[in-house]
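This document opens with one chain alone, in structure tokens, the form predicted on its own.
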């Protein structure tokens, strides 16, 4: 049976296919509840998807947690970007001398009997926007130990260290352990 990834984002799907191999993209709009806990958001999405999808599938949430903002925007990053753009998020984080942040991807997987979560994260800091991208907050996230923001990296450089790769690798390891 083919594993299905529920996403409308071709970049996320490409990365998942590179890591997992035999995966199918299901582009469906799932309601996204407003919640600080990313696992609750994912669980709700999976429950909604189970109403129409068969087999094994997963979805994910990628969030940005800024330490000086007590972890905000977290899973609300999409809404922060819509209203403030990357420049506004950078300015808000700049009010503190602590601009450290954590980027997290949490994958929710279900075989219809249970839901399992797989998390990948990378620490870094919020910086003035650098680099061009069509991918969210990449211009303001500088991974710890690197001289380039995610937006300044090539897709290959970013994917090599990304939080999504870490989460997908954990999912892959789990799936292989069941064989």
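Residue numbers count along the first chain shown, from 1. This one's a predicted model, so the numbers in the text were calculated from it and none came from an experiment.
The next section is about a form of this same protein that is not shown, the form predicted in complex with a further copy of the same chain.
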| property | result |
| --- | --- |
| Which of 124 to 132, 150 to 158, 107 to 115, 40 to 48 lines the interface with a further copy of the same chain in the predicted complex (heavy atom within 4.5 Å) | 40 to 48 |
| 4.5 Å heavy atom contact, residue 52 and a further copy of the same chain in the predicted complex | no |
| Proximity of residue 69 to a further copy of the same chain in the predicted complex, heavy atoms at 4.5 Å | yes |
| In the predicted complex, residue 138 touching a further copy of the same chain (heavy atom, 4.5 Å) | no |
| is_contact(residue 36, a further copy of the same chain) in the predicted complex, heavy atom dist at most 4.5 Å | yes |
| Sequence-ordered residues of 71 to 89 touching a further copy of the same chain in the predicted complex, heavy atom within 4.5 Å | 72, 75, 76, 79, 80, 82, 83, 84 |
